[in-house]
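Okay, here we've got a single chain as structure tokens, the form predicted on its own, with questions on binding and movement later.
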């Protein structure tokens, strides 16, 4: 089972299930997962001021599904009320619960071929939980092979999933604040330069006076750069740029993390010390300015 944390909702799913659809809207949306044969699971969410009347909701739901499903019956699993029935050659089960810690109504949808796998349903539903911001003000995300922590005031601005490349960008409430996390595969086929040189080439023309900084060392051989962020335009706010890159000795992937902030310091601000991926714990240990 693999942990997935999205929009402060955590769940553990079979490793062979991949996320093919996802939503960025914090108020309502879904993530849909599939194996190599078909869609297997949906995680739907909607902000709610309080716990709904599940009895009435299930009754209304049953009526709306009657045209599509056969043999609909009520079900309950791990305390989640739900419905199960056949839709063509598939068995579909829908369960709902309310997570009061984050004020979100959650629906879990299972799709099976042939017969219902109630043991797997129980295992997955038992893992669903709220993942509210941590005491230090950081919110945790875990998706697409990356574990990330970003300030709670940041919102998911972009998520790109392509063969051998995934990336997530989180935008702060003030420009130009943003944190970017990327994970690259098939590194041996395209990375023809040392990670240090590649990292510098990714900074772009808006990052000025870029300098290398001591990395975290360790097996991953993390490389770090810091500089000034100077967007074009008199009214655009200038700030600082910092980035790190490393090749994981465990999975062979190349990881790239970027912090752009409106603060004048060319270091990650204190909260960023907690913004790390589990693939490289050395990223946590950002040297103090005097250690450079």
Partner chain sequence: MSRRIQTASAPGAWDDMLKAVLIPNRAARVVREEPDGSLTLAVPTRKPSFFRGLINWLVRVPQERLTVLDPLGAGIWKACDGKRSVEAIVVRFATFHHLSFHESRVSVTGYVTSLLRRGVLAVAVNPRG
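Numbering follows the first chain given and starts at 1. What you are looking at is a predicted structure, and each value in this text was computed from that prediction instead of being measured.
The form predicted together with the partner chain is left out here; the points below concern that form.
The candidate site formed by 7, 26 and 121 is entirely out of contact with the partner chain in the predicted bound form, as no residue has a non-hydrogen atom within 4.5 angstroms of it. Mapping the unseen interface onto this chain, residue 37 counts among the residues with a heavy atom inside 4.5 Å of the partner chain in the predicted bound form.
Although the partner is absent from this view, residue 162 contacts the partner chain in the predicted bound form, with a non-hydrogen atom inside 4.5 angstroms. Though the partner is left out of this view, residue 68 does reach within 4.5 Å of the partner chain in the predicted bound form, counting heavy atoms only. At a distance threshold of 4.5 angstroms between non-hydrogen atoms, residue 211 is out of contact with the partner chain in the predicted bound form. The partner is absent here; in the predicted bound form, the one residue of 99, 143, 75, 111 having a heavy atom within 4.5 Å of the partner chain is 111.
107 is the sole member of 117, 171, 147, 107 with a non-hydrogen atom within 4.5 Å of the partner chain in the predicted bound form. Per the 4.5 Å heavy atom criterion, the partner chain in the predicted bound form is contacted by stretch 183-191, the sole one of 121-129, 151-159, 183-191, 199-207. Of the residues in 52-76, those that come within 4.5 Å of the partner chain in the predicted bound form through at least one heavy atom are, in sequence order, 57, 61, 64, 65, 68.
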